[in-house]
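As structure tokens, one chain now follows by itself in the form predicted on its own.
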């Protein structure tokens, strides 16, 4: 009996050690960027690196007084909000139609969702570059948000479809007997019942849009550049401003960290929706 107790304790200890080491391993790059952003220019270039130093905030003051970075930061906020609104507005009725309506070619739509999600983002930029210039969507917030739908829309439809399948079809039949249309069933039953999943989908889309680089690099020039491009604005011809770049990187990841922390409960509920059935 005591051997089993000791083995159980050792197993639990190893599990804690392994989990803790993985957390430290994943957080170390963030810690390193943060420390460099708080070092003076001389300390950030020291070799070997300084582990003990006097922190300074001059890099953060510099980037926030940098007009280009501020513009890209607010551009990302606008583009992310537009992208989320577009993806949910299209994905909600599409997911409902694929799950509950009898449509021809539903299997082909499923294959398209997988292929569109797997293809590299920059593959779509090359053919759309000329079209965007011709239509006036090049270097605009709306144009970039529309282009992001190539990636976030298949993911949104796939996630929402899995959430909608967990709702009993008998609810649809009862609602139709009461005279509800498909749109009323979607807005009054499906959306409220799968709200955690809806929030989780929006958060995943926001994280991807905020961090995307390749499409923004190909379809923007100055007016709609995103924060990921704003971080690179501190790169010179023959030198890198490490303090400013690392400070800009920390500022760039803070909104998504706060967003995920506030909505953590919805993320967990959404991604586990329907995973356990009583």
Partner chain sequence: MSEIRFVNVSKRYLDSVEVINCLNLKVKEGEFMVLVGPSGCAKSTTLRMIAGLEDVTSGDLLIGGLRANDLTPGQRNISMVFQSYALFPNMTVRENLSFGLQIRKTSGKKVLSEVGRIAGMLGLEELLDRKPKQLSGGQAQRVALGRAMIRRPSAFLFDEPLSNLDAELRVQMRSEISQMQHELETTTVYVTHDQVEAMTMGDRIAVMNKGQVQQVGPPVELYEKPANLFVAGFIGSPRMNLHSKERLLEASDQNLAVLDEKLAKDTVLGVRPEHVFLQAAKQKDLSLGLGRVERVEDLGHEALVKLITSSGLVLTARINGEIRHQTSLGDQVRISIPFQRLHAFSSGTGFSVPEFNSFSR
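Numbering follows the first chain given and starts at 1. Because the structure is predicted, anything quoted here is derived from the model rather than measured.
Heads up, the form predicted together with the partner chain isn't pictured, but that's what we're talking about next.
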(request) May I ask you to check whether residue 176 falls inside a 4.5 Å heavy atom distance of the partner chain in the predicted complex? (result) yes
(request) Indicate whether the partner chain has at least one heavy atom within 4.5 Å of a heavy atom of residue 168 in the predicted complex. (result) yes
(message) Would you classify residue 199 as touching the partner chain in the predicted complex, given a 4.5 Å non-hydrogen atom cut-off?
(response) no
(request) Determine whether any heavy atom of residue 78 comes within 4.5 Å of a heavy atom of the partner chain in the predicted complex, and answer yes or no. (result) no
(request) Could you list the residues in 92-116 that come within 4.5 Å of the partner chain in the predicted complex, counting only heavy atoms and keeping sequence order? (result) 102
